[in-house]
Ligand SMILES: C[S@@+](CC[C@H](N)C(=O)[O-])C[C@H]1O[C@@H](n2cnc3c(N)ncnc32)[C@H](O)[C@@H]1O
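Next comes just one chain, in structure tokens: the form predicted on its own.
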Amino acid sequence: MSLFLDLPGLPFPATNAGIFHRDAPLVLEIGFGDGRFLEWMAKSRPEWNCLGADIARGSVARAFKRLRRAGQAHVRLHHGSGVFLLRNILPDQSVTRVYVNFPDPWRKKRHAENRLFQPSFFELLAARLTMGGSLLFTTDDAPYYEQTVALALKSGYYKVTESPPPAAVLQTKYASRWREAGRNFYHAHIQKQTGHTPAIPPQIQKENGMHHALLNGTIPEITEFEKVIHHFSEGHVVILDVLQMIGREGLVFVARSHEPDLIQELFIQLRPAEKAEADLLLSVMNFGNPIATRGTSEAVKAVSRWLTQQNLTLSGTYY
């Protein structure tokens, strides 16, 4: 059983049983760091389905090693945004608890939009929490704590109880470091208290089949490449580089698609078409488990347009 969330194999949104292959209370940790708290939660509460999200590649690698050694089958990891999971993967009233331990407060005013806790977050959270479900928030930053509590209360969906943080939270990597430095800690239990919440549908639609294109002509010889930026209504795509395949005919384009709370690293291959009625096939490679979304569609479109500028002609598009 893989520890990683199988986003390509899941519908948007997905059921709790579809993710974990069992029905149990679903608990999400946003920003799990090295996975210590997530491991503690999985071991101490085996009756929970534990889901963790973190945007840092190094944190995901460390947490994966830790949880693999622990052998916990009811844990799933996501390398990416927790807000993406709440918005697109987890259905209404499906989440029992959300833990956020020591999020980046983004103290500078010009960076405030990067903070996790925004009015929109508390609306989304209210839609996804079960009745009586809770956000458990711990920080060492007093202004950010006060701002977060104020935002939760202003939304009208929650009641807030302040208390010392759970002991397990203070054993995490950053808490241990800051406890030794003599910092104060602040903890809030933010509990949903209303059944009247907004309807918030998924923002990203998963599409059927991976996008590709057929072209006629010969594979161009590439001696230089300048990155391509392609904008669309919900985001943008950057074609970063193109690589020559060694030992066989073909090119691989290195791309990154940016959609709301979802960044995908993509490899798009141009190679001879073996069965199609065209000379060449342009397709997204399976490496990295890409999800078929508007972003992958636009990435293939951007590469297709670049190739037509290299004297290739489009024979068919599937994006």
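Given the structure is predicted, the values throughout are model-derived calculations rather than measurements. Note that residue numbering begins at 1 and tracks the sequence as displayed.
Although it is not shown, the form predicted in complex with this ligand is what the next lines describe.
task: With this ligand left out of view, choose which of Thr139, Ser94, Thr172, Ser134 has a non-hydrogen atom within 4.5 angstroms of it in the predicted complex.
output: After the contact test, the surviving option is Thr172.
field: Option touching this ligand, based on a heavy atom within 4.5 Å in the predicted complex, out of Val27, Ile291, Leu280, Ala53
entry: Only one listed residue qualifies here, and that residue is Ala53.
query: If you check in the predicted complex, do Asp241, Gln269 and Thr296 all have a non-hydrogen atom within 4.5 Å of this ligand?
result: No, the candidate spot makes no contact with this ligand.
query: Which among 182 to 190, 198 to 206, 78 to 86, 231 to 239 is in contact with this ligand in the predicted complex, heavy atoms within 4.5 angstroms?
result: Heavy-atom contact with the partner occurs in 78 to 86.
query: Would Thr148 count as touching this ligand in the predicted complex under a 4.5 Å heavy atom rule?
result: Thr148: no contact with this ligand in the predicted complex.
query: Quick one: is Leu116 in contact with this ligand in the predicted complex, heavy atoms, 4.5 Å cut-off?
result: Leu116: contacts this ligand in the predicted complex.
- prompt: Can you check whether Asp104 is within 4.5 Å of this ligand in the predicted complex, heavy atom basis?
  reply: It does: once this ligand is placed as it appears in the predicted complex, Asp104 has a heavy atom within 4.5 Å of it.
- request: Scan 18 to 51 and note down the residues that get a heavy atom within 4.5 Å of this ligand in the predicted complex; none is a fine answer too.
  value: Sequence-ordered list: Glu29, Ile30, Gly31, Phe32, Gly33.
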